[in-house]
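Two forms of a single protein chain come next, each set out by itself as structure tokens; they are called structure 1 and structure 2.
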Structure 1
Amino acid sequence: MNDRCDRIASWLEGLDRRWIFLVLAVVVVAALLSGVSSPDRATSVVQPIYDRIENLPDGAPILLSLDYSPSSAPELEPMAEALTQHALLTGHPICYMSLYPTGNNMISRVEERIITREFPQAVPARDWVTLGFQVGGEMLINSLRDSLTARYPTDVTGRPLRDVPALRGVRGLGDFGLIVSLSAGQPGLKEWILYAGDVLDVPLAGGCTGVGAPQFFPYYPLQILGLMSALKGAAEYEAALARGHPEFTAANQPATRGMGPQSAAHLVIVAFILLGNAGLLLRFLARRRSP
């Protein structure tokens, strides 16, 4: 009996990690192909962002800072897409910018997938404007406090900002109805909190990756009004949007769809953790029984 426990424990400990890789890959692909997904509901941490946009004064512009690169896009792009749809459905102009060098391309992807396809009637410069990326991170935020034109004399197409109706009444960051940073790391949401939210009287919300999420909870709700964390946060926002705007339900919901394979992968990892601990338990039992 002891030998058997020992043998099983040794086998479990010596398992080649490539088996783990293979199981994880197969399960994720199978879950993707099955198309299983389950709609979520917005928690008390995500709902305030939705409510804030719903209750903004008419035409108040929203600043959306896409502070991520392709490596974090699967988590954060669904948030950018849902927020873009929400803003356009409620008639709030969107101003895009980014603290990441890949930001311009990430913004273009959202424009193409959502604005061009879902809102063909939207007019550039009236319904949205792209300021794009500039180097500097927190220093860029600091420069924009009083005047956007201090760093962005024109938008990315070369149009002077004074000719952009979407930014009518906006001089600096404090004039936006809401600022949302979708953040993959540094520079990102933390810099927005330190250099804009806590300095100016402007509502700030955030979306972040799973890796960064735990460090932002201390800022909620005093310094940020809401937080979407990882794909789950995006799925929650999609759920809130689908509930409040039935026309959205027909649209693409990438985060809700992604939660199916996400579930499957989590269950596999939980199973591996339990299996690893089962090996530990077997070893412990074998030692206790041996004279």
Structure 2
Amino acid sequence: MNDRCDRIASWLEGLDRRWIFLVLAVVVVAALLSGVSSPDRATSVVQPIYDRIENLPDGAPILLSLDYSPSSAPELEPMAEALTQHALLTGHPICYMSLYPTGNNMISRVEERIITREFPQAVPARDWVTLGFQVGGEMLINSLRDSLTARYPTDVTGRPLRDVPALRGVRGLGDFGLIVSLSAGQPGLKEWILYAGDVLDVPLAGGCTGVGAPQFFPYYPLQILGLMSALKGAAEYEAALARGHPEFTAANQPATRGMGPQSAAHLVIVAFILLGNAGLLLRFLARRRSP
């Protein structure tokens, strides 16, 4: 019995890591090809963002700041897409801006993939407006508190903001029904909290990468009304949107589809961790029973 435990333990300890990578690759590819998804529901941290948009006064504009680069897009872009669809489904004009130099490209991707394809009836300047990237970080936010035109005299197409119906009645940041920052780092959600939300008491929500979530949870629920964390948070928001708006179809839920392969990968990793610990346990038992 001791010899058998020792052999199994030796085999587990000597397992080539390439087998682990191979099994992980096979499982993820199989999950992708099969289209397996992971149905979710909105938690108490994500649901308030959905509820806020649902309960906004008719036509209240939403400011969406895409504060991330392409490297963080897999986690944050599904949030931007879901928020865009929710705003347009409920008739709230959406205003895009960014604190990141790559923000204009990120905004263009969302416009092309969601507004152009899913809402061909949407009218520029009436249903959405793009202010784009401006340098400055927290100083940019400071300057926008009293007047958007202080740094954005026109939108990205050159149209004066006074001629943009989507921003009718909006002078500064405090006039938006909701501000959402999808943040991959600095400048991002933290700067929006410190220089906009805390100062103006404007409703503020956010989305962040998985590694960034711990630093933002202390701000909930007093300084931010909700927080979406990584692909899981995006999938939760999609779940809330799918329940509230049946027209939001499965084809428009990239985060929900992505959670299937991600969950499968996590199960494989946990399985190998358990196998590794089983090997240590068998080795321990073999040594205790040996004379």
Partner chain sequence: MIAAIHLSGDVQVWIGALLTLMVFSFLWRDNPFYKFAEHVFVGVSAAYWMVMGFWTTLWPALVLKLFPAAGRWSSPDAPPGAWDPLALIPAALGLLMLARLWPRLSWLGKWPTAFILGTTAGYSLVRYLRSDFLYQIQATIGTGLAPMAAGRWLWQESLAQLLVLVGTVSGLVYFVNTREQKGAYGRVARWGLLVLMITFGASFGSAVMGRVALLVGRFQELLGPWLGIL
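Everything numeric here is computed off the predicted structure, so don't read it as measured data. The term rigid core refers to the most C-alpha atoms you can superpose between the two forms while keeping them within 1.5 Å. Counting starts at 1 and follows the sequence of structure 1.
The second of the two standalone chains is derived from the form predicted alone. The two forms line up on their rigid core, and residue 19 then has its Cα shifted by 5.8 Å between the two structures.
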